[in-house]
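This document starts with one chain, in the form predicted on its own, laid out as structure tokens.
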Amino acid sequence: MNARLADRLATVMFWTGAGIVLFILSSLLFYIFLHGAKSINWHFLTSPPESIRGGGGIGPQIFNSFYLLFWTMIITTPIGVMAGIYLAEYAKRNRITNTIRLCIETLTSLPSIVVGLFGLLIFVNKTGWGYSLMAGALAISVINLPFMVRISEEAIRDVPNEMREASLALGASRWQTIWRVVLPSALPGLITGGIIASGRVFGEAAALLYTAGMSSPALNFQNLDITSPASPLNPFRPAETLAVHIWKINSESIIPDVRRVADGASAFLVFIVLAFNISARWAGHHIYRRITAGR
């Protein structure tokens, strides 16, 4: 077999594999949106579930998902970025840092159900909070932190050393160089990683079953008292997210229109995840062009 024929066969195999993946993905998305788009309207997206007559929506679950995302990123982002700065700028190559990186890799592949059981023991029982949105946020932070640390470290390492050297040569301290030169240059990668990590929050269910709970109290959106159990801003109340709601209604089938709600909720959830991933690419590209003055 000559080299040209082997190259053509390899190209055909690569394109075939990519085509199969794209076909499966597009078929799955088409099926989800085809069945779910019929259920999505303003009433469905804003009204609470109705377990007796049916016809309810997913309004509280959407709010819980975004509120959980807010608390998760408040916890994950500063810790992940600071750990990335340490590993990229300060940590030396030795057994300790190699062990830290091994632990990060291990946590990245840790099953979410294990994190959920860990959160049940520590964040639910030991703290005395019970099933709460804060316990869920801490559990999801355990899942997202390794990813955020790796993204931060790689983004900071990608900054050319010449920029650091130029800043230090002008008399800036090491911390001033990191704060004023390195972090702004690494910002596109940091934002992209943060948005992708945000998208992962919406698709998580296993860890939240044991931490945030499978039910939500009746929320009064006029009540802004953060200590009230009925306030949507209370982070220590049970909070059923959209992914958990989809699992719950399909497993229990306690509402008469379970298929309608499940299809609509699934389509909206997939749309949100796609929007986060597209936003990550757009934000990273846009910020990179602004920083480099590129077109």
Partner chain sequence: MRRYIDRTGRALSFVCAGLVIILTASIIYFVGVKGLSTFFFGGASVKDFLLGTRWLPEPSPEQGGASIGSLPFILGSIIISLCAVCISAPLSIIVAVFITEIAPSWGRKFIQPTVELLAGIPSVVYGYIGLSVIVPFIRDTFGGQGFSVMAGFLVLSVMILPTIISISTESLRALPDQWKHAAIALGSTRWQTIRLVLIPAARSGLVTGIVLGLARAFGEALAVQMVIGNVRQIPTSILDPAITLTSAITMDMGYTVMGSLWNNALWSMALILLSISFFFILIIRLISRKGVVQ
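Rigid core: the largest C-alpha set superposing within 1.5 Å between the two forms. Predicted model only: the values in this text are computed from it and were never measured. Residue numbers count along the first chain shown, from 1.
Not pictured, yet referred to below: the form predicted together with the partner chain.
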Just one of 218-226, 106-114, 182-190, 151-159 has residues with a heavy atom within 4.5 Å of the partner chain in the predicted bound form, so point it out. 106-114
Quick check on Trp247: any heavy atom within 4.5 Å of the partner chain in the predicted bound form? yes
Interface membership of Leu69, the partner chain in the predicted bound form, 4.5 Å heavy atom rule: no
Though only this chain appears here, would Ala197 touch the partner chain in the predicted bound form if you measure heavy atom gaps against 4.5 Å? no
Do Ile100 and the partner chain share at least one heavy atom pair within 4.5 Å in the predicted bound form? yes
Within 4.5 Å of the partner chain in the predicted bound form, all of Ile62, Arg93 and Ala166 (non-hydrogen atom): no
In the predicted bound form, which residues of 113-128 put a heavy atom within 4.5 Å of the partner chain? Ile113, Val114, Leu117, Phe118, Leu120, Leu121, Ile122, Asn125, Lys126
At a 2 Å cut-off on C-alpha positions, does Leu9 qualify as shifted between the shown form and the other one after fitting the rigid core? yes
After fitting the rigid core, is the C-alpha of Ala275 off by 2 Å or more between the shown form and the other one? no
